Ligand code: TRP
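In structure tokens, the next block holds one chain alone, the form predicted alone.
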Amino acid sequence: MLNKKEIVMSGIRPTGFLHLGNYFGAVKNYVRLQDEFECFFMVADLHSLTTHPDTKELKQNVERVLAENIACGLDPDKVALYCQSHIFETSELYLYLTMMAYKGELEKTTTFKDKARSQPDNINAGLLTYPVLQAADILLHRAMLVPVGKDQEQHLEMARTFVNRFNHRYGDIFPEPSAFNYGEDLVKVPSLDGAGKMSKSENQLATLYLSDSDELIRKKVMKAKTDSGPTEPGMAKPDYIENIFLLMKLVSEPAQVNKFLEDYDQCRIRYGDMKKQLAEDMVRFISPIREKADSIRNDKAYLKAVMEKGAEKARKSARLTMALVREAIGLNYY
């Protein structure tokens, strides 16, 4: 059993809309973590500037991410739910860590190479040093546990590298953070067209967003890719059919899932009926989250109070860490 005092830190970028994959891959675990650990959950607005320099919609995006996370069950009284830009100590630690990051290793990161290919006219220094800022976010709270997906494991490994360099040079200040997901495989929610997973910004008609209307949810689910059905009992399912069953297992009653599994195995499945059932179950799952998030988003005073409370908790942690960091480096002249 993990010690309750262990610190968990994670963040989500305010770009695009939260979708079903975000919920089952991350937010659902956040809600579980908040009752067991000291949690810092950050809206990564500074990170978003590396790829979204136009900030006209940034405020409403931040408010939407906060509202949707709270609507999914995150409790601002239990966790530090805050905006990255509100914690000025982040920038100071980021600066110190850049002195320990080398150009060659940063250029080799998969995310930098991918982003550089996708935005060749905006290969900015922030994009290159993205893993350094991410390390600063984690180390600022001396977090031990970081719930991350496969795509972020390389960045977490770099954070451990910076920890070891700092501790070797200045003394043991930071613990090495490690990935944490309750020992379970992370849920990868497939897109409705059978091509990859749901995305915040791409393939929008094949992704179910937590803000989708009931009508749009039904429309998207009914367009999910199917075929003419199995031709012999016990026939293996193609990936796109397996995906529909996976989605159904997330939101439908087990008895319904078992009924359609049996129908498939006996070559009597009616995909139209299955998709109608899935659509209604998705509506029942998503609509309360959407309605609660809309209500929260419209309460500007409440959102302001949430951000202030979260920032206060995060700053308290950050100040303690930075006092140790400055002392270790030798930046205490009086």
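Numbers for residues come from their place in the sequence shown, where the first is 1. Given the structure is predicted, the values throughout are model-derived calculations rather than measurements.
One more form of this protein exists, namely the form predicted together with the named molecule; it is left out here, but the text below deals with it.
Taking the partner from elsewhere, residue 42 is found to have a heavy atom lying within 4.5 Å of the named molecule in the model of the complex.
Contact annotation: residue 9 falls within 4.5 Å of the named molecule in the model of the complex, judged by heavy atom distances.
When contacts are judged by a 4.5 Å heavy atom cut-off, residue 180 does not count as touching the named molecule in the model of the complex. By the criterion of a heavy atom within 4.5 Å, residue 128 is excluded from the residues contacting the named molecule in the model of the complex. A single residue from the set 140, 146, 97, 208 has any heavy atom within 4.5 angstroms of the named molecule in the model of the complex; that residue is 146.
This chain is drawn without the named molecule; in the model of the complex, the residue among 161, 85, 243, 152 with a heavy atom within 4.5 Å of it is 152. Here the chain stands alone, but in the model of the complex its contact with the named molecule, taken as any heavy atom within 4.5 Å, falls in 43 to 51 among 296 to 304, 43 to 51, 63 to 71, 269 to 277.
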